[in-house]
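We begin with a single chain expressed as structure tokens, specifically the form predicted on its own.
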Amino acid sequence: MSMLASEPVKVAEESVFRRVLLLIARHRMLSVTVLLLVFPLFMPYTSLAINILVLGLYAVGFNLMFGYAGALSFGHAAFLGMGAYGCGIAFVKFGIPWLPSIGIGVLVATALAFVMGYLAIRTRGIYFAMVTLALSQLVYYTVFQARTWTGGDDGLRGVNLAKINLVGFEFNFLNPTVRYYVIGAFVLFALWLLSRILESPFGAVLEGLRENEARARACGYDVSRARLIAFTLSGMFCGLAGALYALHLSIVPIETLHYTMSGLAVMMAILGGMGTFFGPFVGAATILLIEDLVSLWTVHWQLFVGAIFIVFVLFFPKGIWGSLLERLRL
């Protein structure tokens, strides 16, 4: 009798959970705004929340190319890194204010994405992935050798932003809470822009390329041009993440350009859910939380991330968020 009584309760709880997820999926910008406001309350400390925001935005940029346009790139660390170095060099070497420095970092990453995309879109499949990896490594070694500007293996230091002026008020950027909400405002704007792109006719073209490139070409779409635009936009979002990362860390480590950062973007997108709006952030949060918790006990936290990644690739290929949406048929 008690078992029968518990069934309606479980159904009711699942129904409520489904309605909440449906509300999030339908009103995603409102949901993003609310989540950004309360997100630090659920994190062990604010700096971790900032890392999740920045790397989540980086994964979002990668997901635009991989999850929506269907092209796997192993070179997106170049855009994250050049966004960070562009912002850092403008701020440290030329004394440009922080806000224009962010813009310069985004422009540098976007320009690089256009050039790399122009060279890479002539290939498909694994060849596309290898070309982007090779070009990214060229960027890495070029920046590594330009020690006067970049600091080489020591990274670019001195990206120290203490105070910022916004709407007539001065804020202490060294305060983690202030830093979180300033960076969160940029992330919110980036996600609004991404939402507009995905809801536009161009967004439909991208999904058509992912599902069936031959059919999209037969319908008269310029496939190469669409991929180039997607690649450039993808680099733009990653560049913004890099610029924000530089201001958050107060340093630009050379590791932001390393190919392992490209691999991290792949893992975050797949683990969270390729081709989903919230998936990359879910993947970023999962990996960073595991690192934060497990590293308290062992330095080999990557083993746990790797094991979880293998489980999801084998049994939940649509990722955490994607599998959840599929389970609830949203």
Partner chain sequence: MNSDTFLETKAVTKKFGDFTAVRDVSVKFKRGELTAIIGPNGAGKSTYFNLLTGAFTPTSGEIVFNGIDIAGQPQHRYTHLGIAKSFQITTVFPYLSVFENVRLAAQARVVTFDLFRPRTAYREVSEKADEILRRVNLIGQRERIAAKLSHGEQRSLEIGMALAADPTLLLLDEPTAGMSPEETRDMIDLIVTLSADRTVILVEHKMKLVMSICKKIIVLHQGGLLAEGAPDDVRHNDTVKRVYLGQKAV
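If you're wondering where the values come from, they're calculated on a predicted model, not measured in any experiment. Numbering follows the first chain given and starts at 1.
Not on display, but discussed next: the form predicted together with its partner chain.
Visitor: Just to be sure I understand the contacts: of R147, K163, K93, R225, which is the one whose heavy atoms reach within 4.5 angstroms of its partner chain in the predicted complex?
Guide: Contact with its partner chain in the predicted complex is made by R225 alone.
Visitor: Report the residue, out of V143, V205, L107, I183, that has at least one non-hydrogen atom within 4.5 angstroms of its partner chain in the predicted complex.
Guide: For this set of options, the contacting one is V205.
Visitor: Looking at the partner-bound form in the predicted complex, is E211 within 4.5 Å of its partner chain by any heavy atom?
Guide: Result yes; E211 sits at the interface with its partner chain in the predicted complex.
Visitor: Is it the case that A218, even though its partner is missing from this view, gets within 4.5 Å of its partner chain in the predicted complex, heavy atoms only?
Guide: Contact check for A218: yes, within 4.5 Å of its partner chain in the predicted complex.
Visitor: Report yes if any heavy atom of E199 sits within 4.5 Å of a heavy atom of its partner chain in the predicted complex; otherwise report no.
Guide: Within the cut-off, so yes.
Visitor: Classify M116 as contacting or not contacting its partner chain in the predicted complex by the rule of any non-hydrogen atom within 4.5 angstroms, answering yes or no.
Guide: Looking in the predicted complex, residue contacts with its partner chain do not include M116, since no heavy atom lies within 4.5 Å.
Visitor: Would you mind picking out the stretch of 163-171, 84-92, 228-236, 107-115 that comes within 4.5 angstroms of its partner chain in the predicted complex, counting non-hydrogen atoms?
Guide: After filtering at 4.5 Å, what remains is 228-236.
Visitor: Can you tell me which bits of 261-283 touch its partner chain in the predicted complex, meaning any heavy atom within 4.5 Å?
Guide: Residues within 4.5 Å: none in this stretch.
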